[in-house]
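Just the one chain here, the form predicted alone, laid out as structure tokens.
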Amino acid sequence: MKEKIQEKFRTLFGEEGELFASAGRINLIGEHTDYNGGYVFPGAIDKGIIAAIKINGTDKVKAYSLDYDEYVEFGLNEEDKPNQAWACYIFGVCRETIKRGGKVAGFNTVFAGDVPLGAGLSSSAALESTFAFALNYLFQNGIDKFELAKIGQSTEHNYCGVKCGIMDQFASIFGKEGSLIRLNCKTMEYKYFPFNPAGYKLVLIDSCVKHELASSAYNKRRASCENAAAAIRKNHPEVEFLSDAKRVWLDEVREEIPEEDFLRAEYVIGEVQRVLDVCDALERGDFETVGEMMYQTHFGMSRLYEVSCEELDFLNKLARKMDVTGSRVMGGGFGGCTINLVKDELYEPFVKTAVAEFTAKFGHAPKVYDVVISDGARKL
């Protein structure tokens, strides 16, 4: 991929660029907790975005996406926002860097990725993090890593229409080979946990059903959680986010909020605790408990948060039937992948059966991705 990117860069701009990369991410557990001030447990993966970049001495960004085979030029003022969705991510990172007092001038770039789009692996965060890291390096802005993650998040909020939490960008920037990161999204405290599950593999089964996070469904669930938190806050003023609430406090307001809001909140409060339980289990090397928590998360996302779909529920049930240690829908939901923790000896029969039975039922084959926990944003 690096050679293809540089070759295109030479063709377009007559020289080579400096290479930067960042990663997509998985999240072992802790879904839809980030914007509720709770814990998440992500890691960067060995699939991501690579960009060749060179300052060009103008006030224009000249960008080419290899994956879309599209070339775009845009300026760096607010009114210069490009029409292409992929270019808005780069433009947003430039604008958010400038808003924070960072210097950004014109540059040339060619980029490509091997993060499967729409699979819930956060290709958008990988793209934002690559450019946030690269611009910080090239223009010597000295912006710290936390702020680089926030630049990516603000790009989503202000230029791409998704009110996402901080997890995806955080994992892409802070990712470390062989470690998952427990992040408290309220305090931004984080801790690395070694993740080398001997005797197990992590595998993603991609339903190839595309989810649109910018759709109203995501923002609607966020509003439900905020509504439940506000109701609880009347009795317990210390509740800033839903993650601060105890389950019994939610029961106190059951009659005051819509049933839908209650169910969403019930899921989130349970999920915050599951992240802590999984971390404890990992420190004991207890992968059976890790797996059981993953199944509980899937149940909650399917029945309480209602962000699963028929295809993902089918894959989850099949995993349970085949004695796979853990399985759940991963990412925002509404399609994408299940993440599965599979014993080595079960790996081949599980993948083979999942592909065959899924294809027979839904008329198209799922994709299979093995996942290795890797480093986040960096210069190559």
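Start at 1 and count along the sequence shown; that's the residue number. In this text, all values refer to a predicted model and were calculated from it rather than measured experimentally.
The same protein has a further form, the form predicted in complex with a small molecule, not shown here; the description that follows concerns it.
Only one segment in the set 54-62, 26-34, 336-344, 319-327 has any non-hydrogen atom within 4.5 angstroms of the small molecule in the predicted bound form, and it is 26-34.
Shown alone here, residue 96 lies farther than 4.5 Å from the small molecule in the predicted bound form, counting heavy atoms only. Not displayed here, the small molecule is kept clear of residue 232 by more than 4.5 Å at the level of heavy atoms in the predicted bound form.
Mapping the unseen interface onto this chain, residue 181 falls outside it, with no heavy atom inside 4.5 Å of the small molecule in the predicted bound form. In the predicted bound form, residue 279 stays away from the small molecule, with no heavy atom inside 4.5 Å. Scanning 134, 265, 294, 167 against the small molecule in the predicted bound form with a 4.5 Å heavy atom cut-off leaves one residue, 167.
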